[in-house]
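A single chain comes next, written as structure tokens; it is the form predicted on its own.
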Amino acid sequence: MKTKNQLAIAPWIFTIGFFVLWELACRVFNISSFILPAPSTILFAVWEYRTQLTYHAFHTLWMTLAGFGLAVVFGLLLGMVLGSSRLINAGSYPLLVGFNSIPKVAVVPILVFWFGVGWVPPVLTAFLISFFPIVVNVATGIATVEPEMEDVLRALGASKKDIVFKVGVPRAMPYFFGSLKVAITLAYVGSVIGEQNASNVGIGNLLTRASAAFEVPLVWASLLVLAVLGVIMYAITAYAERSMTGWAQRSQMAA
């Protein structure tokens, strides 16, 4: 119980301590707000621009969730195909790795050519940047089914489909949820990149306009809002992971 309480309050202590040190450093060293605003200045900017931030944060949130949802569906299905077929796995991995190696900021102009400026490029950028970890982890989880277990299951009359869906997919669930925690943060990166280059709304667009006008507190306030949204979505994903794959978390290592 003591360890659980410590784990529950540790994020708050570390976060508050970080911002307190940040505030002290800005005041002790008299750092200009143009270079590095103090947390108190950023919070004041959040309140001052709360209407703008709320409006743009809502658009960024739904564009991120839309891209993330596409990545989950596509990544899970493709990961199952790759994990269940060595031939398809070996043949398609070079294509996947090569495509994932392309900076997504370079893909945004192509998306603009195809779909124009609006919500589609940010959603697709969020999808493109976040689906790869899901594919790799699901495929890895399914591929870790022991050959001996497969032989026993086949001897008992199980088909390949049965092995994949009844053994491989449950085996891959810890990998899948682990990849979701990575993918949701990448989805935010993708949507912001898309908004900066191909949208008239969203935190990415607000960051671009605030930077051009040298409104430094607004820039940092926008970044803080993105960080908070990312932490909230990560926490929701982590909660879903604990609820659905708690059986896989067996480590008893102390903090």
Partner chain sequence: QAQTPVRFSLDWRWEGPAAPFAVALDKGYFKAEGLDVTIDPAAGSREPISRVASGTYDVGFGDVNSLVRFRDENPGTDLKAVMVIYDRPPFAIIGRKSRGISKDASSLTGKKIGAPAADGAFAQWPIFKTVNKVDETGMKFENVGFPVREPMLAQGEVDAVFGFSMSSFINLKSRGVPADDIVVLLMSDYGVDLYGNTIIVSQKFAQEKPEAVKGLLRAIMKGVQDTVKDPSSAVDSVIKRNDVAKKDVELERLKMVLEQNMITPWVKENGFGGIDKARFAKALDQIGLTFTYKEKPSVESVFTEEFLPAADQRKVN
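Numbering follows the first chain given and starts at 1. In this text, all values refer to a predicted model and were calculated from it rather than measured experimentally.
Another form, the form predicted in complex with its partner chain, is not on view; read the next lines as being about it.
J.: Would you mind picking the one in L61, L218, C26, L70 that has a heavy atom within 4.5 Å of its partner chain in the predicted complex?
T.: Looking at the other structure, the residue within range turns out to be L218.
J.: Given that the partner is absent here, does R209 sit within 4.5 Å of its partner chain in the predicted complex, heavy atoms only?
T.: Yes, R209 lies within 4.5 Å of its partner chain in the predicted complex.
J.: In the predicted complex, is there a heavy atom of its partner chain that lies within 4.5 Å of any heavy atom of L77, even though the partner is absent here?
T.: L77 lies outside the contact set for its partner chain.
J.: I'd like to know whether W47 contacts its partner chain in the predicted complex, with contact meaning heavy atoms within 4.5 angstroms.
T.: W47: no contact with its partner chain in the predicted complex.
J.: Quick check on N200: any heavy atom within 4.5 Å of its partner chain in the predicted complex?
T.: Answer yes; at least one heavy atom of N200 falls within 4.5 Å of its partner chain in the predicted complex.
J.: Select from 112-133 the residues with a non-hydrogen atom within 4.5 Å of its partner chain in the predicted complex and write them out in sequence order.
T.: The stretch 112-133, when checked against its partner chain in the predicted complex, contributes V112, F113, W114, F115, G116, V117 at the 4.5 Å heavy-atom cut-off.
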